[in-house]
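Next up: just one chain, as structure tokens, the form predicted on its own.
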């Protein structure tokens, strides 16, 4: 099954709704705050700085950027019409923020028109990341900053014991909804090949022990398995109920490492 995040608008409406909800839930999850705050705090932003968030989804992180840097001009670019419409609805109160539908591999922006470009959990869903990164570098001014933040899905886990059904949900999610689970280990060699100077490469573990932050692993994997005829809806409902039970009684344990890379375009 192809990664639904590569072409969201072709997914069934119920899957698009699951993805949109998951993006907003993850953006609001306290376990993501140290990861996003870590790279935003590292940015040198002044009045008039142009920040482009490519693959913005519903704009959860893009709104955080615009709120933190009110003097900057922030643009979120997202290939999905459905997700962009949601992003626009949620960002109506931020005058320095706008969204547009666009393909990250063929951006409408002019050469050297952006000061900062951000790829937040995008490249692990791309078949050829170098094409997208090359295009992002094109729109960066000389000395501009590229931020890549992505998950090492090869190490995603939610099992408490061998044979744990929630662990099986994670395996099903990664195999069906992630294009390259090993993307993060390839980032530094990719930057060297493209001639970018890496300023920072950090790893932070996202551990989910409460809330609905990792429920997407269960919802998307079980919805896919139901559509494939592998399981029935009663089992899908039971898997979601089990996640909620663990979140409520303190036995939930979701683990996912995140890598943040900050690089600069040569002057």
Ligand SMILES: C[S@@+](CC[C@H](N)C(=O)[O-])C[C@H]1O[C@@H](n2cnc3c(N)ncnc32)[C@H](O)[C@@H]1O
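Only a predicted model underlies this, so the values are computations on that prediction, with no experimental measurement involved. Residue numbers count along the first chain shown, from 1.
One more form of this protein, predicted in complex with this ligand, exists but is not displayed; see below.
Partner contacts here mean any heavy atom within 4.5 Å of this ligand in the model of the complex, and among 232-240, 57-65, 199-207, 44-52 they occur only in 57-65. The partner is absent here; in the model of the complex, the one residue of 72, 146, 151, 132 having a heavy atom within 4.5 Å of this ligand is 132. Contact with this ligand in the model of the complex, defined as a heavy atom within 4.5 Å, holds for exactly one of 191, 116, 158, 122, namely 122. Using a 4.5 angstroms threshold between heavy atoms, residue 23 counts as touching this ligand in the model of the complex. The shortest heavy atom separation between residue 170 and this ligand in the model of the complex exceeds 4.5 Å.
This ligand in the model of the complex is approached by residue 83, whose closest heavy atom lies within 4.5 angstroms of it.
In the model of the complex, this ligand sits within 4.5 Å of a heavy atom of residue 126.
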